[in-house]
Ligand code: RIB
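Okay, so here's just one chain, in structure tokens, the form predicted on its own.
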């Protein structure tokens, strides 16, 4: 069983990724830390607690709130994609009794900051902790600033981020997580921890559609508070993906929700689900038009090329989409 810390910025696909991780026997989630990104930090943390509540009263992993802003840049969220609350505006809905349909789990947060918790767990378990990052890498960079050597004790980092041989999703060259805090991404790569990128090149191949959800909607929306059974999780997924699907329908002519973060969790569970290329990844931090761009040579390497630029990462370039959706359906939609 792989011991993991999940660092998340609380958006729609983050919630689906958390549900998948917490229902996957391959993973033991030691902690969840939150970071600004898709939404502001407070909303991201609230969304994590709402997601945990769907799985009943626990026990649940500890949750700690982390960075409220990128290292050097102002925060630019993705509320226009994920909704005002990051959950397709589902948390704004009320039942007939006037109570929220998706209240957060009632539990205190840890007093530690997210970066402090990450560092504490990694230092205490050298070579045993895998870090799964679903948002900007600010928390990990701050942990490295506190104790560079301590962070190097992490086993690996699985990063949802980057765009290599495809267009970015916020600029022509950059994927959102990398664009929000490119300085943090560069700092984390400098640690030399084995890294696996799950970039847009792979995630764009796994798109959830309304037709995929329909067979699992056996319970009316709003019944999720009962603890997640008999179609309750599928109903929740439908609720939180509505805004994203409408956004994609307007942009691409077809509704869908790209499963960026769930794919990163799936790769953590089953690495062979994606074909990856070993390479050296660089992150642009100064370009006027290219900040956040991830750069790597994914061509077959000659010995001289490998010697000149020793690989420090794996970049997923292909994915078994059918296998991914079979896993997601079995572990989340049927839950």
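Bear in mind that the values here come from a model prediction, so they are computed numbers and not experimental data. Residue numbers count along the first chain shown, from 1.
The same protein also has a form predicted together with ligand RIB, omitted here; what follows describes it.
Chemist: I need the one stretch from 237-245, 173-181, 98-106, 186-194 whose residues put non-hydrogen atoms within 4.5 angstroms of ligand RIB in the predicted bound form.
Modeler: Stretch with heavy atoms near the partner: 173-181.
Chemist: Could you work out which of 91, 130, 77, 169 is the residue within 4.5 angstroms of ligand RIB in the predicted bound form, going by heavy atoms?
Modeler: Of the candidates 91, 130, 77, 169, 169 is the one lying within 4.5 Å of ligand RIB in the predicted bound form.
Chemist: Is every one of 14, 134 and 160 in contact with ligand RIB in the predicted bound form, taking contact as a heavy atom within 4.5 Å?
Modeler: Yes, each of 14, 134 and 160 comes within 4.5 Å of ligand RIB in the predicted bound form.
Chemist: Though only this chain appears here, would residue 117 touch ligand RIB in the predicted bound form if you measure heavy atom gaps against 4.5 Å?
Modeler: No, residue 117 stays farther than 4.5 Å from ligand RIB in the predicted bound form.
Chemist: With heavy atoms only and a cut-off of 4.5 Å, decide whether residue 200 touches ligand RIB in the predicted bound form.
Modeler: Yes.
Chemist: Taking the shortest heavy atom distance, is residue 34 within 4.5 Å of ligand RIB in the predicted bound form?
Modeler: Output for residue 34 is no: heavy atoms all beyond 4.5 Å of ligand RIB.
Chemist: Does at least one non-hydrogen atom of residue 38 fall within 4.5 angstroms of ligand RIB in the predicted bound form?
Modeler: Judged by the heavy-atom cut-off of 4.5 Å, residue 38 is in contact with ligand RIB in the predicted bound form.
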